[in-house]
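Take a look at this single chain, the form predicted alone, given in structure tokens.
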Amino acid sequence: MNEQELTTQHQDSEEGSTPEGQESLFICTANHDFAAYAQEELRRLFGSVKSSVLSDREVLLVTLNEGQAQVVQKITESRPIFLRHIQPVQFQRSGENIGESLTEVASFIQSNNQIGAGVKVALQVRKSADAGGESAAQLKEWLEESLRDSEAEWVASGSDWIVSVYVTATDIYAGISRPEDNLSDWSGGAIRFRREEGQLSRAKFKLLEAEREFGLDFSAYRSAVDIGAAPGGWTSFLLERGLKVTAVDPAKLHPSLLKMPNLTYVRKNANEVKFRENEFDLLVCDMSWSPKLMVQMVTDLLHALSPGGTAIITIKLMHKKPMALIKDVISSFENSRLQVQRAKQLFHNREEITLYMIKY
């Protein structure tokens, strides 16, 4: 969706009235170029949505026609696909004097009765693309220094509360919330993993993030089939977790994998391979194929996935109607004995989403 389409959707969504006193303000984040679809998810939940783009087609300032607690409950229960992160706005200041505004932010934080002795608090600071001056890290350091005398325990992770600060060229926004109410406890939902020496590809990060997002433990599985495995990013990850992995792809796997004792490499197209019934308890697929072909290929191999087994599959969003495409793909899988547990555009997804399914 281009910038004009996003702007038009914003204008259309402002129609309708909102009862006085029932509005709440949030900063909402999606993957690059998918903010319009996150906005559509909000529109389907709340009807009237007033929004403006804060940064780089990823971050929206959104006014919703319900109170903050009701908004958070609705959003978290709906498990949105494209909406990656939300943060409440309980403090807002306009002006060019960032130092003065940050001093007011510090006072706002200190005056909050939730931020007390022994409470673990994470401070997350972000900036829009057009905001000049100090970096987000420098602004965070300044705020931390200002809050040094606070009795709260300031932590990087495992917090009881999150203080979110967002800075643009003209405004500064802040809010305090529980980590679970932000959809992600990472700043902006941007989950960062450290690339390891010898790592085959960044595709591994998708499985690491899926494990966190979907509450999985890949080491608990015994045997996996990786469809379209080359060059081997997902296969490598599953082997590291101790699984026996059958990697299927006519293309070459990375040479470093070929001597792995738990690897079976089938250098064929997946539709040319025969597997036994219930041979695997995990099926993964991250192919850059059309969704229709991918669905057919996975469906043809489902006999090899045991009942109760898990499927983790990415859907490439190859045209301009991703909502309809996702609905069709999910319907096809559910007609093939796969029950969809979650559909999510992870931070490490690009033009795709990830499905977590269980065979029944």
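Numbers follow the displayed sequence, beginning with 1. Computed from a prediction, not measured in an experiment: that's the story for all the values here.
Only in words, not in the display: the form predicted together with a small molecule, which the text now covers.
Asker: Which of these stretches, 158-166, 129-137, 109-117, 285-293, has heavy atoms within 4.5 Å of the small molecule in the model of the complex?
Answerer: Stretch 285-293 is the one.
Asker: Does the small molecule come within 4.5 Å of a heavy atom in each of A230, W234 and V248 in the model of the complex?
Answerer: All three within 4.5 Å in the model of the complex.
Asker: With the partner left out here, check for me: in the model of the complex, does some heavy atom of K268 sit within 4.5 Å of the small molecule?
Answerer: Yes.
Asker: Is L208 one of the residues lying within 4.5 Å of the small molecule in the model of the complex, judged by heavy atom distances?
Answerer: Taking the distances in the model of the complex, the answer for L208 is no, it never comes within 4.5 Å of the small molecule.
Asker: Considering only heavy atoms, tell me if T76 and the small molecule come within 4.5 Å of each other in the model of the complex.
Answerer: Because no heavy atom of T76 falls inside 4.5 Å of the small molecule in the model of the complex, the answer is no.
Asker: Within a 4.5 Å heavy atom cut-off, is M297 in contact with the small molecule in the model of the complex?
Answerer: Answer yes; at least one heavy atom of M297 falls within 4.5 Å of the small molecule in the model of the complex.
Asker: Of M260, I176, A190, A203, which one comes within 4.5 Å of the small molecule in the model of the complex, counting heavy atoms only?
Answerer: Selected option: A203.
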